[in-house]
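The data below hold one chain only, encoded as structure tokens and taken in the form predicted on its own.
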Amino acid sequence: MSNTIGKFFTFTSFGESHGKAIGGVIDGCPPGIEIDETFIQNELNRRRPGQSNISTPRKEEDKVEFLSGIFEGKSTGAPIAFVIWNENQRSADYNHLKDVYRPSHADFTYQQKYGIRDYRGGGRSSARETAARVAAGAIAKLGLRKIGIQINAFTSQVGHIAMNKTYEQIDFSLIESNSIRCPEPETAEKMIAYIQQLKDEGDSIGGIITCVVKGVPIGWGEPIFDKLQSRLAQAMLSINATHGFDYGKGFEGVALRGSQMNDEFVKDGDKITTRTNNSGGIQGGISNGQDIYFRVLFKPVATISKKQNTVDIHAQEVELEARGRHDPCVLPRAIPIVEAMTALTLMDLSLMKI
């Protein structure tokens, strides 16, 4: 029941980390959207493992294969089904976890809820599932691109190391210039060195991804339960390892007075706009035509090679030293996932805007 997101533009994902494949079905995609498979593959390449020395060495080509809903390079309006075959599983790496609950993982809760769990890489709880989200999100991006909407996410903080510039001051073209995907080169170098240090120590670190959306017209989002920010929050917090979401000034706004936080309305030619954008492009749960910007907090990766104390399925205390191939920091590979979930959310809201 929880494997589908969206109301008009829906996406259902399937598959496990060490199964034959992962994939998805998109329903409600408008007909006539040009399906640029090169663009879609490039989006998947941004998420795939093995990109640099600060990501997992697991090698997956993540080649997407479309099964339906596309004819002569365009969406037909029928459901779009696709698969991404798993090619580089090493399930034996997880045999030692069969009877052990990994700290801060879904092992214990899955076992208690379902009475069974796939210990090979986490099964359904694995971030491997997010490759399907990126493929679906790429199609949503193609639909949004037709109406001039641009989505850019980037790493703005790793541990205690944060960018100095605001999103208005940065060059988005620099995001892909380094392995951490931070558009502030000097800060990026510090982030990468810190992650490498923690990787060598067998540890991990979290951080913050900032996402900026330009071109959303006035009127997207619904009152009460389908507010634009609430839909974005749901989408972001469904991503593995997320622990927080804020938009606009967000939590920084608690230190401001109303006179400082309020966005005053001004006349700009024949249009009405706001002097500032502390609201993050959303007022009353509805887009106001300004840039939408928000932040997503990611916790440190739970699987680390340092020894940790835990218990097994018999409630016996054991010492765990995890093996396998894991990211010391999820942020660089999570950026296309954040963009994909943003695109899926906005594509859905675009169809319910009236």
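One-based numbering along the sequence shown. The structure displayed is predicted, hence computed values, not measured ones.
Heads up, the form predicted together with another copy of the chain isn't pictured, but that's what we're talking about next.
- Using a 4.5 Å cutoff between non-hydrogen atoms, Ala343 does not count as a contact of another copy of the chain in the predicted complex.
- Contact annotation: Ser68 falls within 4.5 Å of another copy of the chain in the predicted complex, judged by heavy atom distances.
- When contacts are judged by a 4.5 Å heavy atom cut-off, Thr109 counts as touching another copy of the chain in the predicted complex.
- Of the heavy atoms in Ser55, none are within 4.5 Å of another copy of the chain in the predicted complex.
- Comment: 261-269 is the region of 261-269, 169-177, 184-192, 144-152 lying near another copy of the chain in the predicted complex, near meaning a non-hydrogen atom within 4.5 Å.
- Proximity to another copy of the chain in the predicted complex holds for none of Phe39, Gln196 and Val338, with the criterion being a heavy atom within 4.5 Å.
- Applying a 4.5 Å heavy atom cutoff to another copy of the chain in the predicted complex picks out Glu129, Arg133, Gln157 from 129-158, in order along the sequence.
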